[in-house]
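The chain below stands alone and is given in structure tokens; this is the form predicted on its own.
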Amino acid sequence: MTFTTLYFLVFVAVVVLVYLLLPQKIKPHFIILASLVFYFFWKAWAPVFIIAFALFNFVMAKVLAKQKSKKFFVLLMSVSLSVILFFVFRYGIFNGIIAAITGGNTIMILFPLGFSYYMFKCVSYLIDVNNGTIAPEPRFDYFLIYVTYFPEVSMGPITRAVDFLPQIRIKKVIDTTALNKGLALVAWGFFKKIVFADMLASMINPYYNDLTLSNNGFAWFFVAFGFLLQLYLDFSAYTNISIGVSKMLGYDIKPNFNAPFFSQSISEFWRKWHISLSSWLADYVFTPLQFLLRRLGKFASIIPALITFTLIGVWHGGTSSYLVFGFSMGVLVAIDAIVARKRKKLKKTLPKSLFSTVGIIITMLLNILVFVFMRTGVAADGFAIIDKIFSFSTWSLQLGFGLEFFIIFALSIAVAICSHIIESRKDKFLDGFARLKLPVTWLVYLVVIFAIVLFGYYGPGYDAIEFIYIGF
């Protein structure tokens, strides 16, 4: 059940309506039912797998809490199983083993929807229990809500148990203001995804599918920039929908983006982009490694950065392009750490506006180039595109794009900027929207619906495209 389908909207409407009418004691169990039904729509066996995985981690947390001498061994065994399962499913290892045993015959085992996200949830839960940050959840039904929670099970955000589990026990008071804020976020997400992200994708996909379509380096710069815009609008749209639905159910989910394109360095960018993943890796991988290497001084960040961002690449996929993407980001973050003091000195000598503007432009240009590898299937294609971009002798104003491309491109930039402003002042905008008079509110909704129908589902050449991050 895709988030941008009519089925999902009907599903959410029914779930929210029934949820509001149910007594408080039944609400948590209804969330479990709704989440398992959502998962069932993907594959019939999926609910069984996710329940079994949740049960395993629930039990292991109990064992961890009781252990005194072998806690690290229990933690290592539990986390290792999750990581092994991730690689087995992600890279089809089980399929290959069966093919080797049977002489070529195999069965297709799909990567469970959202497994890489709820795997991170469970691993962080076990580590936090081991460290004493959180006590083991005594109720399996509550823990099952945490793992299966449908608004974020397929693509995150990666919510921590310490943030989510306490909310289950709080009595849900959902008024019209909360419903209005949630609905506004859902509408905003649909608007960004269908009207802009999908339209951008339909215009740039042909170039990535056939690199010979253009040899104009300037044109390829626009295509690479277009993908970064598409990725942001696509993923932030999903996050808006996820947080919006959660608000209507009385849950507060932390944002996954905080105006990342306004970042003045690559390090700052990753503190604002896919926040739940980058903060997870910072807390459980980067910081522990940095602590172990603290004797290296300012160079203590190099190895942790390379390892952390290579893991980000591997998490996205096992192709050479993802490895180059992750390693390149690690190198840039390591360079940031090395020159951090010099940047601070330079910041004091230059006008603040000039320093920030130059920093934003350089960071954006680096991201445009490196994120090319997120889109290409193999690293060779990514390097070929970058080579085209840097072949300045091929640059020409004859880009080969139609007027529609420039209109959608310009509007996408405007929407991305608006989205960044809203992210940096989210509560202020939502509070302001909730205070609008009812006729104005519904006028806004009607305009959004009209835009989605006109330029999206029934627009010329529209092709519904799955959320990019659902594949991760």
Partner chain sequence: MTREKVTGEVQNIFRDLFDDESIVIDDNTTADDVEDWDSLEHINLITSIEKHFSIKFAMSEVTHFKNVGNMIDTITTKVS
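Numbering follows the first chain given and starts at 1. In this text, all values refer to a predicted model and were calculated from it rather than measured experimentally.
Quick note: we don't show the form predicted in complex with its partner chain, though the next part is all about it.
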property	result
Exercise: P288 in contact with its partner chain in the model of the complex, heavy atom 4.5 Å	yes
Interface membership of K347, its partner chain in the model of the complex, 4.5 Å heavy atom rule	yes
4.5 Å heavy atom contact, S301 to its partner chain in the model of the complex	yes
In the model of the complex, K171 touching its partner chain (heavy atom, 4.5 Å)	no
In the model of the complex, the one of T176, N131, S80, S393 near its partner chain [non-hydrogen atom within 4.5 angstroms]	N131
Its partner chain: the contacting residue among A337, V74, L277, I386 in the model of the complex [heavy atom, 4.5 Å]	A337
Listed range touching its partner chain, judged in the model of the complex by heavy atoms within 4.5 Å, from 366-374, 288-296, 189-197, 239-247	288-296
